[in-house]
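Below sits a lone chain in structure tokens, taken as the form predicted alone.
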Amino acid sequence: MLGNFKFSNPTKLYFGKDSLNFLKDELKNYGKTVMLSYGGGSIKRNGIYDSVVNILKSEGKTIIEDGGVMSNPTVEKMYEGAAKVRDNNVDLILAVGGGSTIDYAKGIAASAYCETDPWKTYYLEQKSPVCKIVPVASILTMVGTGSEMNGGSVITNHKENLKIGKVFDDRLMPRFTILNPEFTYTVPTYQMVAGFFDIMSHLMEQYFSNFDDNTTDYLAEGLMRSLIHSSLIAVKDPKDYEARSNIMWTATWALNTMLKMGKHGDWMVHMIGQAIGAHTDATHGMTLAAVSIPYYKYILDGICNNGNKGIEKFKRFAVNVWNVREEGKDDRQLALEGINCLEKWMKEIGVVMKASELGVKEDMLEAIADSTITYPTDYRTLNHNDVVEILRQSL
């Protein structure tokens, strides 16, 4: 493995059907006032809200309601929530929902006592907080982002056509997370499969980098195989506990920082997908799905036209993840078959395959490319025209 690194992850996990029982014990470690952040109200319909509120009340907590967190949390919502945290002297932010709700909770936890504009300081300038941080905890109801065990927070600014992620340090990682696979059963199919692809994208974007023999690549391959297997079961029976529990656990480990150790990573699919989201407000996982096949084919073409450096990882992906047979195929054929297997699986689980399905049109490509953050990667560094071409191929 290349380089030097530090691994630290302070998030405590409670997993399983009875995991909510541990909330009562954890609440004893925090002050009286708890902000309960959640999305559009599905947790009230499925009973999770009542269960959580009853536990909070039994522990004598003052509950500050903070509902209405949207699927792509906006900077305006973040400002609003931060003010509510500050004005009520909140001791703990408890995010109940999917990745967007947890991302938002981290944003307001860092912003409540920030003396500068948090959007500019954290997201545009990527600076670390130097102010008081309010603790965050989470109860996960939709898998995909891995936000339940990392410091990531993605916020959308529609006025600037930007959707930007900030990876905060250990202070913003959830202090504890409750993972009950049954809490994910009522997620609509569209959102469920979008989350499945978000997991795959996290795994691939860490996997497709570096040229060394890296332990985390072996771990990523196992997680990808598990996700592929369980996802095909879950789309047929969303209440298959074994499949949903395996997917939930895979999602958490896909982005809890373990797999990035010793890796450079290539997050350009996320950068392009987030730019699409900034312009269309489309579901995050679907924006990633829409551009992934065009992106990886574009990268593969570049590798094949420039001495094949990087081809080994694409071949390994085909063989170790998809069980593609090597006999009778040259390097490019083998690598391309792996991408084709990925595409076949995507169609089987039912994700969006074209950006045009998300509202992207030809006359939007330049603006979306303008909103895309680019940076050097191991296999091919994109410029503005590259991004436009990948977007065009995704239509």
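Note that residue numbering follows the sequence shown and begins at 1. What you see is a predicted model; the values in this text were computed from it and never measured.
What comes next is about the form predicted in complex with a small molecule, which does not appear here.
Original post:
So which of S58, S51, T62, N46 reaches within 4.5 angstroms of the small molecule in the predicted bound form, heavy atom to heavy atom?
Top reply: Flagged contact: N46.
Original post:
From the list T184, Q206, S138, T250, which entry has a heavy atom within 4.5 Å of the small molecule in the predicted bound form?
Top reply: Comparing distances to the small molecule in the predicted bound form, the residue within 4.5 Å is T184.
**OP:** Go through 352-360, 365-373, 328-336, 33-41 and give me the stretch that gets within 4.5 Å of the small molecule in the predicted bound form, heavy atoms only.
**Re:** After filtering at 4.5 Å, what remains is 33-41.
Original post:
Using 4.5 Å between non-hydrogen atoms, is S71 touching the small molecule in the predicted bound form?
Top reply: Yes, S71 is a contact residue.
Original post:
So in the predicted bound form, does S111 come within 4.5 Å of the small molecule, heavy atom to heavy atom?
Top reply: Looking in the predicted bound form, residue contacts with the small molecule do not include S111, since no heavy atom lies within 4.5 Å.
**OP:** Could you confirm whether A278 comes within 4.5 Å of the small molecule in the predicted bound form, counting heavy atoms only?
**Re:** Answer no; every heavy atom of A278 is more than 4.5 Å from the small molecule in the predicted bound form.
Original post:
Do V193 and the small molecule share at least one heavy atom pair within 4.5 Å in the predicted bound form?
Top reply: Taking the distances in the predicted bound form, the answer for V193 is no, it never comes within 4.5 Å of the small molecule.
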